[in-house]
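The chain below stands alone and is given as structure tokens, in the form predicted on its own.
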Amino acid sequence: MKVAKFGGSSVANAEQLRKVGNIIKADPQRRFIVVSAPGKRFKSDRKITDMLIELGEVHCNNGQTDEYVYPIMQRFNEIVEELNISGEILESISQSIQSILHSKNSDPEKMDALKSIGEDSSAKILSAYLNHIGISAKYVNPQDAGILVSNEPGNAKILPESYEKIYNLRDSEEVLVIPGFFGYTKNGKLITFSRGGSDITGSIVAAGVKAGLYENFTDVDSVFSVNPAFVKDPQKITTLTYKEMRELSYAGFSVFHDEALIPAYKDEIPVCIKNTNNPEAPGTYIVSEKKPSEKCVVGIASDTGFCSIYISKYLMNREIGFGRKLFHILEDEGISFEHAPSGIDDMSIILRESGLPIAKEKKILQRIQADLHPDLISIHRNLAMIMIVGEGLVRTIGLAQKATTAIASANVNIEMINQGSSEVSMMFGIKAEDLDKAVKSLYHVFFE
């Protein structure tokens, strides 16, 4: 049996939902369906979740909400009318919104409840539509499905006892439609996962029911070896390991939320990324292990928005507790780091620029200077990271030379190299303005 998750673009309007219905009808093994909130119908459109967040912010600031509720209901009304299903669903959605707005819950609780409306409504609409076209289907609230989570608004974590409860869903003979993105605490409080969390729900359900396959339907035929924004018609990846996908999703590949695969990974459930608009395409399979003969480098991921704190101090390696003191300063200031390549007398801390605002920069430098007394300290902004990903990469002779030569031939200077900390990736830091030509040169060397 299969779990199929449909993303925002797959449920954006009635036309897309009809495609979803056909996909479910085409394979009786697709027994468990997880849905996102309606996404964008066109480039300049807005996602329902963004509209709900805006509604929540206005409400929390005591603003008038009617003008923000109206376009949300209009979107759902359009979908329901075009699918020719009962208008009672619209009344249910409207009542849910008003109930949240007029509740006595705290603002964070209201915000989580409002954010969940998109997925919850998608599930109710799809369930009604499936029954309308002759498929016996049932909407299942995450609480009834057994999705128990920690009490961390906006950042829920699944509780281990959930999986035994979710397994009971196998007893149903109907197609079960479950909203993604949220669960409930043991006390019955609705809590959402982090943004993009519908992928997490899909993976949780797949692990819970012990599915043979978890299908994740989106709007691309497969995962590509490089971002198509850099290279026209890049090679498609047919098979990835979980580790490779994790590295790629972290470093700019937006197909998957980077936490999403953990439940499926732990139970070794294969995942297939497929296209709602072209369901016959084979897609990309994500598996526990690949055949050793398959190509080592599977993808080149990249992302901008990084900065580095560079610290140099003679005999740093002999100073006990230097790293601990440095990381304590970052922790104390609420700053998380991404990478920390180091040498004998030098250390670079790679951060997301968003995590080190200019306003906080001076204080950080002063604290490092006062506590660690470095010989040199500097901050470099506007960096990009390029990650070459592949199982067995660090054991492949000459691969690092091949990569550095490709970057050099593009006339790009390497600011930082991080090799060896991961078995499946090699990372290079460069100036953000050089990203395009560096990625193209690497793709040419490894894939063309």
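Heads up: residue numbers just count along the shown sequence, starting at 1. Remember, predicted model here, so these are calculated numbers, not experimental data.
Below, we refer to the form predicted together with a small molecule, which is not included among the displayed structures.
A.B. asks: Only one of 66-74, 396-404, 382-390, 41-49 gets a heavy atom within 4.5 Å of the small molecule in the model of the complex; which is it?
C.D. replies: One stretch meets the cut-off, namely 41-49.
A.B. asks: Using heavy atoms only and a 4.5 Å cut-off, determine which of E119, E244, E215, D112 is in contact with the small molecule in the model of the complex.
C.D. replies: Checking each option against the small molecule in the model of the complex, the one that comes within 4.5 Å is E119.
A.B. asks: Of the residues P263, G196, P341, P153, which one places a heavy atom within 4.5 Å of the small molecule in the model of the complex?
C.D. replies: Result of the distance check: G196.
A.B. asks: Residue-level contact is defined here as any heavy atom of the residue lying within 4.5 Å of the small molecule in the model of the complex; does Y129 satisfy this criterion?
C.D. replies: No, no contact at 4.5 Å.
A.B. asks: Heavy atoms within 4.5 Å of the small molecule in the model of the complex: does F181 have any?
C.D. replies: F181: yes, in contact with the small molecule in the model of the complex.
A.B. asks: Do A37 and the small molecule share at least one heavy atom pair within 4.5 Å in the model of the complex?
C.D. replies: Within the cut-off, so yes.
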